[in-house]
Every structure is written in structure tokens, then in C-alpha cells.
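Okay, here we've got a single chain as C-alpha cells, the form predicted on its own, with questions on binding and movement later.
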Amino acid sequence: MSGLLTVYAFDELWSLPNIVRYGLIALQHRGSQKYVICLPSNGVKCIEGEDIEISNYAIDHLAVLASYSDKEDNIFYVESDNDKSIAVIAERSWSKIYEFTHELLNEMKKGESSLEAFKTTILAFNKEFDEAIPSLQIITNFREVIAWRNFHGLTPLVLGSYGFDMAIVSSESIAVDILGGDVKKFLGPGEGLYMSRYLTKSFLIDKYIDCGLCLFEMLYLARHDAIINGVSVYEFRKAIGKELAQYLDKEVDIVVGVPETALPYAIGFAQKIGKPFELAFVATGGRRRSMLLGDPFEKMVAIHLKMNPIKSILEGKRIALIDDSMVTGATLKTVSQILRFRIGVRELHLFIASPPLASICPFMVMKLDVQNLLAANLSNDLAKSYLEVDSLHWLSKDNVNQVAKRFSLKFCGKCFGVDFFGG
């Protein structure tokens, strides 16, 4: 999964290196290992790298970019033919990105406008291929940009502005905030934005099936300070934590969260039961999203870097440990061993702020292998033994449905064994 960002300054006096740099930093949590920046320069060129030092590149008043994980491929592609050149950036690995870029260029060569060529190509690919089309960004050598949200509405796309000078389109509202802009609109499924030097217009391709937002967006991917469809991610996560607290059936001394995505759940949990929330772990170095890493060694390093325990808070305590989700159980197995054998906690009760994962994601928003899903392969008792915890509790599907309805949100729930939550 990547974080998409488009920056289009309508005054050509703007220079964007620092804006691009801080925009990428704002979206690092959605990828963090690599970035790509595409801009019109002798056609269209794309710069790919593994850090955010971009001051050496001549980025003028527009750019489309993404921050993504080093295990992702097929994220972007550039193609040129005679006087036309385009680049396409997808929000996740997409096996059809090469064919799509080629067909889009062919449509443009027929004399259609870039926007009409895009609509024609999207509809053709939606009809001919089974793989769900991700959200896309397109830039042409004619300094045109198209940012488009996927048909199914699985991931968000936000339009913001910096006064009348600049348009910002981002996977998350937080990039707009950090760049000093104002959020103007949350794009709907199949909705896009076309931008050129003298024209900005929205458009809708209405041949879509609204499956709802991917639940992982609110549970894990988005930053705590993001707003999605008008809803505070932080407040949503606290509400989930309060629902989770009803499963507590043992006495505990403190509540802690697995850093850092689970902290709001733990705060809501602690508020509900009237026990102290404690910051139990301290991160070392930059943030790394361990669930997004493919290499087992890199995953293990990432877990240890973000989870150095504060011994004085934890030693000898009965602990309610909260996490946002559990996929393979690797992170929580490591945390459990740290708490039991390095620290010596008295009891460890684990609470997961989502239902058990039952199957793979049919849209490949999250790359899940059913053979590695802990909940799909182990009973609750076996999972508890494997994780070395005294009790294990999952949030029910009914609880998620209640909170989703309270916030007027609809979520895709296929990997949890239901079609959707809320609605």
C-alpha cells in the first residue's frame, strides 16, 4: 500500500522541493521505504529513491508522488510515443499497470483529450479484468494531472487547497494539513479530479460498486490525526477501545497499547474500565510499520526498534495489552516474550480491536496469505498458548457494526467474513 500525493501550483513561480519533501514525510507511515516523484521534464520523468532528500532535483510547480514499501512493485510506469508522454502511479501493486498505461497512451494518440482517454481506458479495464483497479494518479507532458479514487471506495482520496494558489490531492487529510492547506472535499468512489494550467474540474465515472472503506484504513493504516469522510480517526479508535473493554473479565493494574497504532484503543479501553493507561514502550529511530514489511528479519528488527519496554511501569503488573489487529501473530508473540521474560509481568491479557481475520482480501488492498493468518488456522485456546498470554479476546463483528453505524461509516468486511460493516 502506498500513500498518493498530487501537488499542483497554478502560479508557475512556485518551487516545490520542500513541499514535496514534507508531503512525502507526512505519508511515510503508509510505506516509508521508497518514494517516487513524477513530473513533466523533457516529456515525463519519474525519480525513485529510498530517502526524502530531493533538493537536487528541479521540481517546479507540479508533481505527482507516492511513498511506498520496498516490498511493493508495479507501483508506477512511464511510457512515451512521439510527442506524448505519461506516467501512472497506483496506490498499490497492480499487475495491469503496464497494459493500462499503454492503452491510455493509445487512446490519447487517437486525438481524445487526456480526461476522455482516461475515462475510456478505465471503463475498458473495469470490464475486461477481474483485478480491482486501485486509485490512480496520471501526469502528462502537457502538464495535466488526473487523480482518481478507485471504483470500490476501499481507500480514501482527499482534495485540499492552499488558498487559490495550489491544489493538493492526498490519500490522507494529514498531508493537506501539514502542507498548510485546507481540506475541501473527500472524493467519492469513482470520482476524480482533472487539473491543468487553466482548468480544474471534478468528474465521476459511475460504473462502480461501493463496497465501503477498507476497515484496515481506520484500524491501522491512517494516522491518528487524520480525518476520513469527516470522521476523526482518533475518536473512532477510542470508541472501538471502549467497546473492547466489555470483554475484560479479570482484574488488571494497567492498560498498555502496542506502539503506536494501538494507543488510542488502549486509551479508550482504560477510560472505560477506570484503570491507568501507561506508555509502556519507547521507539528507537524512525517509524517502521512492521505489518507492511515482507522480510521476516526486517519485520523482527522493526518490532524491536519500536518496542523497547519501560521496565519500572510493567514489572510484576497485571496488564491489559491492546493491539489494533492481528494477522500472523508475529508482533504480539515478540511483545509477549519481551513482557514475560525480559520484564517479568504478573499476568498478560491480550485484547484485539478487530474481529479475527478469516480470509484473504479479494481486492488485494492488504496482502494477506490465508495460510499465515493466525485466527484462520488456530483455535482461540491454541492461539492463546502460542502467544503465551493468560487470556485472548477479539472484538466481535457486532461491536464493529455498532461503532461504524454510530459514525455513519460503511466498511468492507470481506477479510473478516462479512460483506460490510455499518452502512
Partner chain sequence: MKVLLIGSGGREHALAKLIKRSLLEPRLFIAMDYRNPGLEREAIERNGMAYIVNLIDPMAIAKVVEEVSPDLIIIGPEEPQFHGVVDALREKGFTVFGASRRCAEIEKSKVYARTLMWRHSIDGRLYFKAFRSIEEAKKFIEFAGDIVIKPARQAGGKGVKVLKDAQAYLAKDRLEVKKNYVEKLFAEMDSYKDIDYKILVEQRVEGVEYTAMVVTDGETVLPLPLVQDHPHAFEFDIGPETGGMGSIQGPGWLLPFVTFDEYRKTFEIISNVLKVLQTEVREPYVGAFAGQMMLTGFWGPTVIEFYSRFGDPELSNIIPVVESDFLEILDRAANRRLSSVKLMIDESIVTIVKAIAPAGYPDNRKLASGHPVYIDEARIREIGCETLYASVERRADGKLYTKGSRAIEIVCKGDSYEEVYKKSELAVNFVYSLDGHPLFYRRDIGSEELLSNRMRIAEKVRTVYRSRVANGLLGKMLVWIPGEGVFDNPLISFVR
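Residue numbers count along the first chain shown, from 1. A quick note: this is a predicted structure, and the numbers were derived from the prediction, not measured.
There is also a form predicted in complex with the partner chain; it is not shown, and the following applies to it.
Remark: none of the three candidate residues (Leu279, Lys311 and Ile322) comes within 4.5 Å of the partner chain in the predicted bound form, counting heavy atoms only.
Looking at Asp165, you'd find a heavy atom of it within 4.5 angstroms of the partner chain in the predicted bound form. Contact check for Ile209: no non-hydrogen atom falls within 4.5 Å of the partner chain in the predicted bound form. Using a 4.5 Å cutoff between non-hydrogen atoms, Gly160 counts as a contact of the partner chain in the predicted bound form.
Remark: Lys184 counts among the residues lining the partner chain in the predicted bound form, judged by a heavy atom distance of 4.5 Å or less. Heavy atoms within 4.5 Å of the partner chain in the predicted bound form map, among the stretches 340 to 348, 165 to 173, 234 to 242, 93 to 101, onto 165 to 173 alone. Just one of Asp177, Glu107, Glu72, Glu144 comes within 4.5 Å of the partner chain in the predicted bound form, counting any heavy atom, and that one is Asp177. Along 180 to 202, these residues reach a heavy atom to within 4.5 Å of the partner chain in the predicted bound form: Gly180, Gly181, Asp182, Lys184, Lys185, Arg197, Tyr198, Leu199, Thr200, Lys201, Ser202.
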